[in-house]
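In the form predicted on its own, a lone chain appears below as structure tokens.
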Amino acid sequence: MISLSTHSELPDSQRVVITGIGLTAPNGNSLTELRAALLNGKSGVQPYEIRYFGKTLAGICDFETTRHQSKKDARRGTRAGGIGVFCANEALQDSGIDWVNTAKENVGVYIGVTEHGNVETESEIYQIKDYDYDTSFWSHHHNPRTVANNPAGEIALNMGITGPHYTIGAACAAGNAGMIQGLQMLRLGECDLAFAGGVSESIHTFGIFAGFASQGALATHDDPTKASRPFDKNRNGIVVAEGGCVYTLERLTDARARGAKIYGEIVGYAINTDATDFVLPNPERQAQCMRKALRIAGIAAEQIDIVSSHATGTHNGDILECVAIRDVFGDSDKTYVNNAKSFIGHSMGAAGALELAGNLLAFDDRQVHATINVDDLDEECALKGLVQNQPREVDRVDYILNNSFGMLGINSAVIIKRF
């Protein structure tokens, strides 16, 4: 197997940086709004009702759907595609790239998804029931809506991008996987600019709620804002959320040449597989994934300032990730751990990219946002560096490690360095 170069061995033409961020989350539609919500303890979880399943809770986004596309295109497309279009255009604007003079054939779109097509298929079946299930009433838009490349394809169509586009199906590790794919394609010279990240429309399919409920893994609470409670002894499951986050990624040489602002540099990454269970995580493999990312970054575990945890609020999942984090970081008092799902729920395919974004401004403001709703810490989740309920000010933040794990044993970790 070819050994991967550590970050210190890379020339500037192989170093990849983040120059633009576009997002929508249940508690904010820009990086500034999301960051403020995370530092001020603002949850985006609210009551929700969906056909067949009934009343539940969800993280719901409220963004301007026609800011970057027409009403006709929004109706013809999908919720996931619309989220992607919004986020990609916001990232472009944030980056300051001269889009008019950008060669669109040299732009790639790499978007992570947990699943895609269930919403549209459920909706069509729901509608044709009024016609005695006569499939002649089935929408002619169904096939382009449900193909796996849809969210990335809608972005490419909207923005006139003629380079490569595809989605990366990586369960709830997909947001990280989209970023990793963008980085790799830039290094290979397959594109000169990458739109990379993840999106989710999961709250619009009743099947995902029913599926988690049948597993006994769907969160409930009298107060919706307290339902998502990773690491708390009384946590009782996942709050399903929608959302999206897309980054503009560029080679350092290109970003410097145009004087771009740089949010951070991707210096380490890894994806591996448990190969042990459909849903139960394997902490040994998770630890291996983090260590591989550290090895590629060429840094020691104690150099990581913030670990953005994946923890979803399930009993076993949270405990096993804590086992993995302890294995890698020990009882370091230099590494802080936080969790964004406690604010927004689990945004599935968007989770990795969106949760990372919520931490990036820590490079500047030196605030580690908290994990909220930890009223009674589970002693099995009592990590030394866990930031609970209130943000913590630190002297400096140089490295952030972002964990994202998913069903069928897929694990991912991305490390961002202060630039």
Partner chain sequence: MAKNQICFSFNQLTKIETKGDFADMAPEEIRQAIVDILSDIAPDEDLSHLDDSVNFRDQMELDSMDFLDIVMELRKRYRVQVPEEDYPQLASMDTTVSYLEPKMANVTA
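A quick note: this is a predicted structure, and the numbers were derived from the prediction, not measured. Positions refer to the first chain, counted from 1.
Beyond the structure shown, there is the form predicted in complex with its partner chain, which is absent from this document and is the topic of what follows.
Highlighted residues 282, 312 and 379: none comes within 4.5 Å of its partner chain in the predicted bound form, counting any heavy atom.
Annotated contact segment (heavy atom within 4.5 Å of its partner chain in the predicted bound form): 123-131, selected among 123-131, 223-231, 300-308, 247-255. For the options 372, 356, 45, 61, the residue carrying a heavy atom within 4.5 angstroms of its partner chain in the predicted bound form is 61. Checking 295, 334, 326, 75 against its partner chain in the predicted bound form, a heavy atom within 4.5 Å turns up for just one residue: 75. Taking the partner from the other structure, its partner chain in the predicted bound form has a heavy atom within 4.5 Å of a heavy atom of residue 242. Using a 4.5 angstroms threshold between heavy atoms, residue 144 counts as touching its partner chain in the predicted bound form. Heavy atoms of residue 393 never reach within 4.5 Å of its partner chain in the predicted bound form, leaving it off the interface. Not displayed here, its partner chain is kept clear of residue 99 by more than 4.5 Å at the level of heavy atoms in the predicted bound form.
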